[in-house]
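Okay, so we've got the same protein chain twice, two forms, each given alone as structure tokens, structure 1 and structure 2.
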Structure 1
Amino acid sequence: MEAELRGKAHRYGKNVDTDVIIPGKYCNIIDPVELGKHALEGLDPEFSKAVRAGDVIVAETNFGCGSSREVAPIAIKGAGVSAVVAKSFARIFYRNALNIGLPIFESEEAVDGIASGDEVTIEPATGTIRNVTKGTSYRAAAFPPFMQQLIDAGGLQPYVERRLAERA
């Protein structure tokens, strides 16, 4: 997995659902980058203008709740977001995020200690989250090696394709 993720924090509240992560009228878009232009449009119309490659979404509890919209994490990743840190995730969003290679981290302390605009670094292999702006450090569960490989590959499909090619 990448040694370190680094970006500015974009802070959101509780129960950010998949309908506001990517409104339904955009769910027919196939290109992740084009989809990313509409990420969080239902919650924060300025997000797509403010986000930069590597930035991090920080949110309260139950991030990604609502429908099982697979395009929600694709839109976030397509917008250039390198990771999502939340107090908790909806189960289906958690699985969908990992399936497309979007690293997500649960850490109540990190969420409580990070404000919008703070510079954040994350070491996925150790689960260390640092708020560079405030000089504080937090812990999230590190991904086991298999999950790190899955995320490094860009998600489940590229991981399986690579594994099959290795066996051919």
Structure 2
Amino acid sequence: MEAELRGKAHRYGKNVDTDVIIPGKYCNIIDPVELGKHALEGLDPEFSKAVRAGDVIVAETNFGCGSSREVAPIAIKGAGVSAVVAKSFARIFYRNALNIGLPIFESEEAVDGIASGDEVTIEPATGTIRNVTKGTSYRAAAFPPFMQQLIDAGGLQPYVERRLAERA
């Protein structure tokens, strides 16, 4: 698993949907960096200019609701974001994020304890989220065992390769 993640927090509200994460008109783009230039454009047109590599998106409940477009987490990752911390995630976004290797963490307290601009570090292995600016620390919800296995295996693709090898 990756080393510690570190960056500034960009704080948003609830129900950040896939249409604002990457508007439909850009869904014919596949290149992650190009997509990243339009990440969150529908919600915060300044985001792609403000974001720096390593930064963390912090949001309320139901992050990523709406469409199944995998370009949504790809755009966020392409913009340089190292992780998303939210109170909860929409189902398809959750799956997609883990599949493409965008680290996501669920923690009510962390979201309540982090403001825009705060410096945040995250230890993926333990789910420890620290607000360096305020000197506070939080714990993300543990992944269900099956998801943790997928993450440890390096995502869905290695898992599929193993299943294929078992059959061969």
Partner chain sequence: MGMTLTEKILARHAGLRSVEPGQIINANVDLVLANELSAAVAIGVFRSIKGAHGVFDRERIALVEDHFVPAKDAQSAKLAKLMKDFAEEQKITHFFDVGRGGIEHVVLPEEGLVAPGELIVGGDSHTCTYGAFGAFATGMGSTDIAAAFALGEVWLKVPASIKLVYNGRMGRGVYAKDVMLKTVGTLGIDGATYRAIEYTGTMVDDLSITGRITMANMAIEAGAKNGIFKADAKTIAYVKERTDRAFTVEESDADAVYERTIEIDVDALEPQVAFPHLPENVHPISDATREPLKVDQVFIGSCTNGYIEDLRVVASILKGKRIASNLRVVVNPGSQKVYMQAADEGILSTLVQAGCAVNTPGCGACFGGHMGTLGDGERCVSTTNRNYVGRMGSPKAEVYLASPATCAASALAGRIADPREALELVGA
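Keep in mind the model is a prediction, meaning the values are calculated, not measured. Superpose the two forms; the largest set of C-alphas matching within 1.5 Å is the rigid core. Residue indices: 1-based, along structure 1.
Please let me know, 1 or 2, which structure is the form predicted together with the partner chain?
That would be structure 2.
How about Ala9 - superposed on the rigid core, does its CA move between the two structures by 2 Å or more?
No; that C-alpha moves by less than 2 Å between the two structures.
Is there a C-alpha shift of 2 Å or more at Ala153 between the two structures once the rigid core is superposed?
Ala153: C-alpha displaced by 2 Å or more between the two structures.
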